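In structure tokens, one chain follows: the form predicted on its own.
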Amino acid sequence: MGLATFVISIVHGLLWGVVLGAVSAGLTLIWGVMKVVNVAHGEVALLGSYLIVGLYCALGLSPYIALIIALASGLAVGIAMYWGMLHKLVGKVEVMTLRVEMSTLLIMFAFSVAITNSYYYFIGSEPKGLGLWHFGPKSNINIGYLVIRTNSILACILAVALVAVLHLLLAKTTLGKAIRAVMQDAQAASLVGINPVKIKMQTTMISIAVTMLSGFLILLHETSIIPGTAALYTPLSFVIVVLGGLGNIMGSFVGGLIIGLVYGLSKAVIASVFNPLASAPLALSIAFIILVLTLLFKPEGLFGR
């Protein structure tokens, strides 16, 4: 592997890692606070992607305006998901039992299957994207042998902003402190005047809204999406959340950078040494090996307590 390939792999791996870190933020929030294993995470992110594509292609709305609509829609979907699917199981102060956690897992799995089949039925399996739309006057930036899409740069800017806002929300606001209190001990939080049920509903709203917003980042990075795109981002988000620690926004962001860098370098090395066609699946396998090692040696995550 030459120097040019090495540099390109690092840069593109880090660019994707920033997106991965932001995409996993919604998952670490709902999993860490509510103990809900949202296996439909990637499908919910694609809901935001498809909404933005539909508003842009069908109505001619600017992707930036569509992004705001996707965020507001995410809040509405979050409310509907909480009251329609989760409240009877997690809407209580008592410590969640293993039976309840498994029930939520099955519910989210059923939701994942339903929404994926809905995508295939109503939207189809053809790639969807924003066409020739790009951020800035040029679609690419050339730095020597390095070519970076301007949309990837926009995705990174929005990803960093999203993670920063979430971090400040949890660290500096009254709502954020209440969320962290419920995450640590819902029963103790209720004794000091915090309503855990209300906080869980608000957490679901924020988590789903952030996840749908991150669908725009996926759309920018991937250029086009298909329903199967969720099958890539859901498992990788789980790897990143476990790596960074449940409920740790910054930990997930750093975990995303690690996975993106490992994936980029692994893919380049495998392509140069073995079969290039096997580079992508084998690089993903390495990411899941990292998950296994983390669970074995540091199950609370690299940045967990």
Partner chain sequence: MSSFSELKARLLKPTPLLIILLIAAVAVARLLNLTTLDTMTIFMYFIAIAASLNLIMGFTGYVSFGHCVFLGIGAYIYALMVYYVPWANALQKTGGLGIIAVALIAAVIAALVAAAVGLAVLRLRGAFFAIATIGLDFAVLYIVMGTVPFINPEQFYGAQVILPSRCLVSKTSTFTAMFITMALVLATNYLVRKSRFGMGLVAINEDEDAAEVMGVPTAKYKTLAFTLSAFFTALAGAVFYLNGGGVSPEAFDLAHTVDMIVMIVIGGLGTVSGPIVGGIVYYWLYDTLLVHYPGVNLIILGIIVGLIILFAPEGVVGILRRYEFKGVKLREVLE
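Everything quoted here is computed from the prediction, not taken from an experiment. Numbering follows the first chain given and starts at 1.
The following text describes the form predicted together with the partner chain, which does not appear among the structures shown.
Listed residues 96, 197, 85, 147 were compared with the partner chain in the model of the complex; 85 is the one with a heavy atom within 4.5 Å.
Proximity to the partner chain in the model of the complex, taken as a non-hydrogen atom within 4.5 angstroms, holds for one residue of 224, 103, 184, 139, which is 103. No residue in the set 14, 206 and 262 has a non-hydrogen atom no more than 4.5 Å from the partner chain in the model of the complex. Stretch 30 to 38 is the answer when you ask which of 46 to 54, 65 to 73, 252 to 260, 30 to 38 has residues with heavy atoms within 4.5 Å of the partner chain in the model of the complex. Interface membership of residue 235, defined by any non-hydrogen atom within 4.5 Å of the partner chain in the model of the complex, is confirmed. When the partner chain is considered in the model of the complex, residue 109 lines it closely, a heavy atom lying within 4.5 Å. Contact between residue 271 and the partner chain in the model of the complex is not found at the 4.5 Å heavy atom cutoff. Residue contact check for residue 157: none of its heavy atoms lie within 4.5 Å of the partner chain in the model of the complex. Along 109 to 140, residues 109, 110, 113, 114, 117, 118, 121, 122 each place a heavy atom within 4.5 Å of the partner chain in the model of the complex.
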